[in-house]
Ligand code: CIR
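What follows is a single chain, given as structure tokens, in the form predicted alone.
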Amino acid sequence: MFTHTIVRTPCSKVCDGITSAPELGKPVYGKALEQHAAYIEALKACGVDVKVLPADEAFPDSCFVEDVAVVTRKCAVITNPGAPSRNHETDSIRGVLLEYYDDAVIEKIQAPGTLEGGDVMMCGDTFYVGRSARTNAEGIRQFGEILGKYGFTVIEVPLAEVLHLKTGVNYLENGTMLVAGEFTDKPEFAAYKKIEIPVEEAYAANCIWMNGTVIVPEGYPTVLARIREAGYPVITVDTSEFRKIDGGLSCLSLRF
């Protein structure tokens, strides 16, 4: 169960965030703020406290706070983002994490290793890490060494088609994963039950489990129906502005 979440308010430069889909257009700042506020309310409805960090105008993508740290029940790991424009977003996160963790258990990925939190999926005491354009082999090696000290297991998952691991697969607890595209038959996930979703709704593979409820992006009826059929209560949140800059539900928070 989660008790805490950390989010960061989108900055006014969010329209300049990194994107692989310019055809979707640029985010509308006011609408992004409205959607972010609704996201916070959805988190609160799942029984967690929400710490809202102020906007960081130096970094257009800084609302995607998940990428700058990995938080576990025993330790926190400050990442080293693979996107150069995001590299210094980590500078301010240690002070925030010190409100929840002792300094001795706040670790850091060091260059030349790169790792982004969007590539890390926690399944109990096992952490799957996508080797991607943003997370490299050295980053995964360091991450495995760090988490090994705390009794956790790290398994590398090579990615072929997506930006981050959690772009296409997310753990909904109870031994169940929501999968799309290349993740429907990944051997690393053979032991899990899978809720498969169609390619036309692949964006909605990025749902988040929050204390028994699954938060689902708005506008993806097949995904919504299949999660409900699997027995999960759901809350929908519009993330259309964040999709324009390669972001989804998990990217917008740290959950622990």
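All residue numbers refer to positions in the sequence shown, first residue = 1. Worth saying up front: this structure is predicted, and the values here are computed from it rather than measured.
Absent from the display: the form predicted together with the named molecule. The rest refers to it.
Trainee: Among 30-38, 49-57, 219-227, 63-71, which stretch has residues with heavy atoms no more than 4.5 Å from the named molecule in the predicted complex?
Mentor: That would be 63-71.
Trainee: So which of L163, I93, L172, V157 reaches within 4.5 angstroms of the named molecule in the predicted complex, heavy atom to heavy atom?
Mentor: Selected option: L163.
Trainee: Even though the partner isn't displayed, in the predicted complex is G139 close enough to the named molecule, meaning a heavy atom within 4.5 Å?
Mentor: No, G139 is distant from the partner.
Trainee: Counting only non-hydrogen atoms and a 4.5 angstroms cut-off, does I6 reach the named molecule in the predicted complex?
Mentor: Judged by the heavy-atom cut-off of 4.5 Å, I6 is well away from the named molecule in the predicted complex.
Trainee: Please tell me whether any heavy atom belonging to G118 falls inside 4.5 Å of a heavy atom of the named molecule, as the geometry stands in the predicted complex.
Mentor: G118 belongs to the contact set for the named molecule.
Trainee: Do C251 and the named molecule share at least one heavy atom pair within 4.5 Å in the predicted complex?
Mentor: So C251 counts as contacting the named molecule.
Trainee: Which residues, if any, of 217-256 lie within 4.5 Å of the named molecule in the predicted complex when only heavy atoms count?
Mentor: Read in sequence order, the residues that approach the named molecule (within 4.5 Å, in the predicted complex) are I245, D246, G247, C251.
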